[in-house]
Each structure stands twice: as structure tokens, then as C-alpha cells.
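Only one chain is shown below, in C-alpha cells, and it's the form predicted on its own.
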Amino acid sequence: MDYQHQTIMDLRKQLDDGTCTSEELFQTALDLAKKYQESDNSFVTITPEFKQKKSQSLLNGIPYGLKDNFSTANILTTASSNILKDYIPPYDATVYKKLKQSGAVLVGKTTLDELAMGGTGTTAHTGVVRNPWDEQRLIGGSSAGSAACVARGIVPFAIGSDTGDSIRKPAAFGGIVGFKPTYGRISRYGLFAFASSLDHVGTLTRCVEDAAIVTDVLKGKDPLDMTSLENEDLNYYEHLHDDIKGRKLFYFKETCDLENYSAEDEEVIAVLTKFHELLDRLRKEGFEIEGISFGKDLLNAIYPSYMTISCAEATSNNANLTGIQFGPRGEGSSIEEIMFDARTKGFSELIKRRFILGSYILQKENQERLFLNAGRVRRLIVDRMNKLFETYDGLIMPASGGIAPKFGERSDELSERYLLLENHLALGNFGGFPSITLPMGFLHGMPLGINLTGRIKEDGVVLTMAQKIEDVAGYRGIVAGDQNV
């Protein structure tokens, strides 16, 4: 059995007909996790003991990875931060609880950018996460380990969190599918909060079908999360192949029209050329697709608004990480000195910068000018999206302006550089819209992703359209190192 290329349904059929057992699948995944840990650094913790609660779910017996910012009782949960490097929670996140009840088998807790802040996969306390397609390149973040272990074929699916693009960007760089459903569709109880108004739970898989299967298991109302939504009376997996003829999509002309770029933008032009070639093929399959002008001012405002809101909320949410309740105790003769020492030593430079910025934004004299204004800009952007969704079923865009960068090529430092072609992914978080990234092609041997964002609560529609895009693009179930892709 070629385990690394198997989807959830491939494994399901083999489990059901007795070709393999869940113990054998787990052992295979465990062996692969250990084999590639040094090169990829996908896991903070690999769980060597097979544990399964059998069920009738499609996930029964299927191995998976769980991002290390989801609480798991009696299993180390660090959020890839030194300040939590020894933390073992006393309770389970709802997502982990549902996966256990479904019979899915945990292989390990996956590495992330520290406290889920960052998009590079380079700030974890255990080291950088490398892209399985090219170990000299980033996989992206913050759900770096989850993306890498799926792209490598260690597990058929992994769970991540997405606050700005943290599932969908690594999925693009890893040649896999990253799905962030509607805000509240999956409970956030037990997820370590980054920015509560932007945080989403989602999936990383090697095909759209698997994203639907896992989301069907995880979605639903949770009394422990007051923002969670009632379960739709709809099985996403069963409706994946519904007709999409007449579905209308739009893209931003400001960022996707080739005439906006010069010859020096060679890589961006190559990405957009592949993007438009795929759009032409999708039109032949029944999609109606056209470019619209979103407004350059609003596009320019996405990045600063996101940084303002997320840094402020992160500062508030992580105020409990003091070195008193959790983590290594700081040194000092007073509580203030102990906390100062613990936080100084316990956080990376990136995290400290974000907390300082968030504290400044939340100061009384700055709240109106910075935090509340960012919220107003966010509302203008979301209103513009909702107005477009009155006419169109989805926004379709390249997931990035190029292939995964090499280490050192890009910085995750706060800057005034607005990467308009990539910042659009935050729109899904601003409005809570369902959003999915899937492979659309290759450039220089590295995968490129295409992103689709739809109306709030129309997760099933987004998955159905994504299934058709996957059928047309033809990159279902690929694994890092595949030839002739």
C-alpha cells in the first residue's frame, strides 16, 4: 500500500475491507513522523502510544496531526513557546474531543509559529519548520507543522488555526488543501486564543473531499463556545459534486490584471498567467468569472487594519502568560520583576514586538485613533465584500504572489510593505467568510495555490465549487516529491 498518497476515503475502504488495520496505519504514520522529524520539524510532540475509541465515523482509525495550540489533557501543549514549554493541560479542546469520539488516531502535536503569531514557520521554540518540497524553503505559518506533515504524506489530515492566513498560506506553499470554514462553524473552545474576533479552526488535507469529511465531524454548536454556530442540516461530503453551472466568481482587477505589473515582476506575472489560464478552463466548466475593482484604498487598508486589531487582541489574550501560572518562573524580588523577567526570556523578539505594539494600541489615549478606527475600516471592507456577494458566489484569487520563499528571503517583521496580492486572505477572517486554498499548478518545481472565499455560512457551496476547481486543476492527492506534476 502506498500509504503516503492515500486519502481518507482510500484508507477508509482498506480499513473496511480488512486490507489493513488502524494499528498498522498508526504505526506507518508514526514511523514516517520519526523519519522526517529531523528534516521537517513538523511535530513538537509525537505520541507513540496507539489510542482509539472506535466509532462508525468515516474518520474511525484514521491517523492525524493536531496543531500544538489545541488543549489536550495529559499531553504536552506548548503553542511552540518557551513560556509554555512544560505545560500539560487538564482538559481537552472540543475539536480534540470530537476527533477522539470519531475514532481518529492522534499521531502528534504539530509545530507552529510561536503562539500562532507569524506566517513563516520559523519562530517555534523547537526550531524552524521546513517545506517538504524543498528544505531550503519556508512552508509558511502559523500552521506550519500541520501543513508539512500532510504535504509529506505522514498523515492524510491535520488540524490548524487561521487568524489571517495561517492555514491557507501554508497549504498553498505545501501543495495541499487548506480550509477555514465560517467563523463559529467549528468550536474554538480549548484553542489558545490569538485574536478572538479573527481566530478560526480549520483543516489541512490533500483533497477537497477530505476537507469536507473532517469538517462534517467537527462542525456544530458547542455550549462551551458562545460564538459557535448551530449545525447545518447538511452533509458537506454528500453534496460535493452538486452542479456548479452558473456560479459567479470575481477577482480583484487591481491585483490580478497583468497590465499592472512590469517585466521585473517576473514571478508574479508567471503566477498570474497560470491563474488566468485556470480561470479560462473553469469558465468552460460552467463558472462565470469576471474582474471587478475593489478599491485600492481598501486593499491598502487590509494589512494595517489586521495588524492593529490582531496585535491588540493578542496582547489582551496573552496577558495571563506571566511566568506565575504557567511556564518557567522568572527571577526577581517582586511579582512585577518576576513577570518582567519571565516574559522577557519566554517570548521571541517577534512576539515581544507585537505585544508592545498591542499595548500601545490599547492605551486609553490611543484606542479611538488606532484600535476603534481599525475596526471601522474592517467594517468598510466587510461591507464591500458583502455587497459583492449579493451578485457573486465567491472571490477567486491566487493564494500568493509566488512560490514558497527561501529562508531569509522574506521577513515577518512588522513593515509598511503591503503585499496586496497576498493580503486578501485576511478578508476571510475580517468577515468570518468560509475560505479554501488548493493547488493550481507548479512553478520551478514548487506548488502554487488558488484561493476561493464565499458567503458567510455557505461552507457547503464553497466546498462544492472547490471540488470542481480541483477536478479541473487536476492536483488531487499530491505529496511532496511527486514527479510529473
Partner chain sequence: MYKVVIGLEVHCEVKTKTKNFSNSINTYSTVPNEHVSTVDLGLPGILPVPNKEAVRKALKTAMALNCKNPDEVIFDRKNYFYPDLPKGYQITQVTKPCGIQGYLDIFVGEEEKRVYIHQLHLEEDTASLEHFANYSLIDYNRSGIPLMEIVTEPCISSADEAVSFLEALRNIFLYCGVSEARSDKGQMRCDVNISLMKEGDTKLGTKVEMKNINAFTSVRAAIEYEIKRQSEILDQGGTIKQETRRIDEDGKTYSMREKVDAIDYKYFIEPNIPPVKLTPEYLDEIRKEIPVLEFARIKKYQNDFGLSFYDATVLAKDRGIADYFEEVIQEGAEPIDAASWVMTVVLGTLNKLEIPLTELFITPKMLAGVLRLIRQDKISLNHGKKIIYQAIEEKKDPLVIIEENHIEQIKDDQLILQHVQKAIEENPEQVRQYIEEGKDYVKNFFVGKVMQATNRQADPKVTLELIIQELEKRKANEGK
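Values in this document were obtained by computation on a predicted structure and should not be read as measured data. Positions refer to the first chain, counted from 1.
The form predicted together with the partner chain is left out here; the points below concern that form.
Listed stretches are 164-172, 185-193, 262-270, 138-146; the contact stretch with the partner chain in the model of the complex is 185-193, by a heavy atom cutoff of 4.5 Å. Although the partner is absent here, P90 is a contact residue: one of its heavy atoms lies within 4.5 angstroms of the partner chain in the model of the complex. Looking at G408, you'd find every heavy atom of it more than 4.5 angstroms from the partner chain in the model of the complex. The partner chain in the model of the complex comes within 4.5 Å of a heavy atom belonging to T322.
Residue contact check for M339: one or more of its heavy atoms lie within 4.5 Å of the partner chain in the model of the complex. This chain lacks the partner; the member of F250, F326, F275, Y303 within 4.5 angstroms of the partner chain in the model of the complex by a non-hydrogen atom is F326.
Exactly one listed residue, out of T344, S359, N386, N231, brings a non-hydrogen atom to within 4.5 Å of the partner chain in the model of the complex: S359. Taking the partner chain as it sits in the model of the complex, the stretch 210-238 comes within 4.5 angstroms of it through a non-hydrogen atom at P223, L224, D225, M226, T227.
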